[in-house]
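Shown here is one chain on its own, the form predicted alone, set out as structure tokens.
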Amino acid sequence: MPDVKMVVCCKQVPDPEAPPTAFKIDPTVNKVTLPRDIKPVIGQYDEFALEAALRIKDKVGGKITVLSLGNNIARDVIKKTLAVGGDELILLEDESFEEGDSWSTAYALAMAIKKIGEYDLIFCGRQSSDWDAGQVGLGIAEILSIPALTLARKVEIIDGKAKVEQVISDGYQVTEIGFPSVITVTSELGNLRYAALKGIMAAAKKQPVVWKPADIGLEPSQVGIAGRRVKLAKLFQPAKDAKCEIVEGESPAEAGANLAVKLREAKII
């Protein structure tokens, strides 16, 4: 089996471990703002996707090209993908890529993958760690007219095909898929490995390739906010309202009976 050519899509997102109170929403423009001390990270599911590619590279060899889209992408964050074993880093970086929806993001990534040329597998996280839409991976597959498998918890290369353990509601099923194809990866695969010092030093010397819309054959009007097909009607933080009522009784048994009455009245039981 020749080396497997893989593309892994990784997104820079606000740290999901940040406290909810740190997220501020401006409802007039439907935007989220964060304080400067909340640093960006690579999306968690994207890290799982990268780990899937690295395991294949460990076993059968291959090349991993990491692809990321955005603007003002933090080099010290995204270079983590090189430090753990990625071979090449391509950034779709321009202000015109900002505020896109699933469609405009998938379209730009697909055009970049077309420019990359040769590829066997495209890995994406099952969903992003910010909007949780879970649409970009399948969108890439649709635009490139190639098959896709979702929710992979294990991926192996056997006889020129990818053997995938795919999570389903009551366990998992094993499916084979040929090349080229898209695979979205879920958390059951396991965490991304730690970067060794040698990898960190090597990554520091590597410079990413930066592409603008014109480099992938697109106009700024086709990407980012200008290329959106979804209109965001309202962005808000859900209000949480809790009410506590103490159910009493002359004895524990009576308190339990009174509680049962309350639960029946509320149609909980």
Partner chain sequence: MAFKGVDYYGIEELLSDEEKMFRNAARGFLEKEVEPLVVNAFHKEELLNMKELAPKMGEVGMIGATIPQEYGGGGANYTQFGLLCQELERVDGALRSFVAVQSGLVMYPIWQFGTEEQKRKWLPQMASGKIIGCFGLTEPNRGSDVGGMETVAKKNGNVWVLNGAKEWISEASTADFALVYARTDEGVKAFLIPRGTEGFTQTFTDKKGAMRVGDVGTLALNDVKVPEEDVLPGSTRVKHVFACLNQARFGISWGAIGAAMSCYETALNYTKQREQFGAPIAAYQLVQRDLVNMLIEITKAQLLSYRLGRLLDAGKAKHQQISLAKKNNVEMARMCARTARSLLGANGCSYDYPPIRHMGNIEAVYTYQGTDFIHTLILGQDITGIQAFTRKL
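Numbering follows the first chain given and starts at 1. What you see is a predicted model, and the numbers here were worked out from it, not measured in a lab.
There is also a form predicted in complex with its partner chain; it is not shown, and the following applies to it.
- Proximity to its partner chain in the model of the complex, defined as a heavy atom within 4.5 Å, holds among 168, 174, 197, 158 only for 197.
- Three-residue candidate spot 7, 99 and 226; no residue lies within 4.5 angstroms of its partner chain in the model of the complex by any non-hydrogen atom.
- Remark: residue 83 counts among the residues lining its partner chain in the model of the complex, judged by a heavy atom distance of 4.5 Å or less.
- Its partner chain is not shown here, but in the model of the complex it comes within 4.5 Å of a heavy atom of residue 204.
- In the model of the complex, its partner chain sits beyond 4.5 Å of every heavy atom of residue 219.
- With a 4.5 Å cutoff on heavy atoms, residue 15 counts as touching its partner chain in the model of the complex.
- None of 160-168, 178-186, 104-112, 72-80 except one has non-hydrogen atoms within 4.5 angstroms of its partner chain in the model of the complex; the exception is 72-80.
- Residues 37, 39 are the ones in 30-47 with at least one heavy atom within 4.5 Å of its partner chain in the model of the complex, listed in sequence order.
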